[in-house]
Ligand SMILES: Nc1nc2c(ncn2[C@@H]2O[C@H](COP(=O)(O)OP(=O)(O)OP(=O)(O)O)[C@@H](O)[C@H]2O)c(=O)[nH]1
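First, one chain by itself in structure tokens, the form predicted alone.
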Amino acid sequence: MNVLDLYQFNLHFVFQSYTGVDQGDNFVGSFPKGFGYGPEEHDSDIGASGGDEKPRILLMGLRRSGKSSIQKVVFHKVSPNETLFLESTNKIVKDDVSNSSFVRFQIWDLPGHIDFFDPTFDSENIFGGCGALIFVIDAQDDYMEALVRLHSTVERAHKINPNIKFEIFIHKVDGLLDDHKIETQRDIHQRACDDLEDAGLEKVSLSFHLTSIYDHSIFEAFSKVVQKLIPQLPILENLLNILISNSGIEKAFLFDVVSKIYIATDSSPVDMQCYELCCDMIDVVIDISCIYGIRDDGAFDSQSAAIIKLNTNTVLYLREVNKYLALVCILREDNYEKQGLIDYNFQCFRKSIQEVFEVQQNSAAGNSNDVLMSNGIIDKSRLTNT
């Protein structure tokens, strides 16, 4: 049962979207086939411009640790129960994620039984362009062999590319009691860090995440990984801080709608229950839009919006930012009485996001003289002629 099911709520939707009339060959699950990863035909020039410059995320770990299941659940909307029938990966599986200008990267799922540092492989090519390396450890299995492989992988990958960010997913924790989860994380953290210190690599930073495909923890963990690959993250966070401080909003997330990864949030701590509520809201909006909407080319358009009022005097507020990004906010019902102010502030926020997009695209094309300030505003006074 989802968190949203625990509440009695009223729905109010304002949207123009998505037909559910002829769904036979046009939909995959709740999503139209055109609404997914990879550049569309009219976006081919944009997809090509990033080309090999897209950051790369490597999924590594022992066989049957859950690497392919994570990729399928997060980026292909496969039900967790269906992953039980996945075969072991025997070759490198590459996924290209090219939704918005912020969420653009490649994911390589590497088979667990192959040593990619062997001279027969081009390890320089595999790890040289890597932005983040996710090492998956099965928490329900004996993880001593996994720790030996982790140490070997970190040591050799860091030598090839010192800029790699190492993320450790302590996976399949849904089968552990809460106390056992904490103890397992502490033990793995201690052993991994001690091994690096003994090897003289104490400056290498490891980040640890407790994950499961049966709840939202895998999405939150992947969100934190992807955020480290977004150079505009401080600007996005600052824009969200400005938005919530001037609108009476308690928490705001900027979501990639397809994967439910949040690419940015404000500076206040993330409460897991709030994140789950926002994820469930996106599911509700997409499902209703696909069934009752009037279009079949995506789940969002310029008029897409949704409001859910919970019986806890809390309001969930969703607005479209672009085709793939949505702003989801949580606020008290009393503060929502100023809906006009919130809507106006959102329009200002969306305009600022578009400016960040433009600066990034111009920068990629090598023809930008715009200077982007830390508050997300383009400073025209600092433009220079070349």
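From 1 onward, residues are counted along the sequence shown. The model shown is predicted, which means the values in this text are computed figures rather than measured ones.
In what follows, reference is made to the form predicted in complex with the named molecule, a form of this protein that is not presented.
Enquirer: Pick from 144, 177, 84, 272: which residue has any heavy atom within 4.5 angstroms of the named molecule in the predicted complex?
Expert: When the named molecule is considered in the predicted complex, the option within 4.5 Å is 84.
Enquirer: May I ask whether 62, 172 and 213 each come within 4.5 Å of the named molecule in the predicted complex, counting any non-hydrogen atom?
Expert: Every listed residue reaches the named molecule in the predicted complex, so yes.
Enquirer: Where, among 281 to 289, 107 to 115, 126 to 134, 179 to 187, do residues come within 4.5 Å of the named molecule in the predicted complex by heavy atom distance?
Expert: This holds for exactly one stretch, 107 to 115.
Enquirer: Is there a heavy atom of residue 88 no more than 4.5 Å from a heavy atom of the named molecule in the predicted complex?
Expert: Answer yes; at least one heavy atom of residue 88 falls within 4.5 Å of the named molecule in the predicted complex.
Enquirer: Does residue 241 reach the named molecule in the predicted complex, with heavy atoms at most 4.5 Å apart?
Expert: The answer is no: residue 241 has no heavy atom within 4.5 Å of the named molecule.
Enquirer: Is the gap between residue 227 and the named molecule in the predicted complex 4.5 Å or less for some heavy atom pair?
Expert: Residue 227 lies outside the contact set for the named molecule.
Enquirer: Give a yes/no on whether residue 161 approaches the named molecule to within 4.5 Å in the predicted complex, heavy atoms considered.
Expert: No.
Enquirer: For the stretch 264 to 280, return the residues whose heavy atoms include at least one within 4.5 Å of the named molecule in the predicted complex, in the order they occur.
Expert: Not one residue comes within 4.5 Å of the partner.
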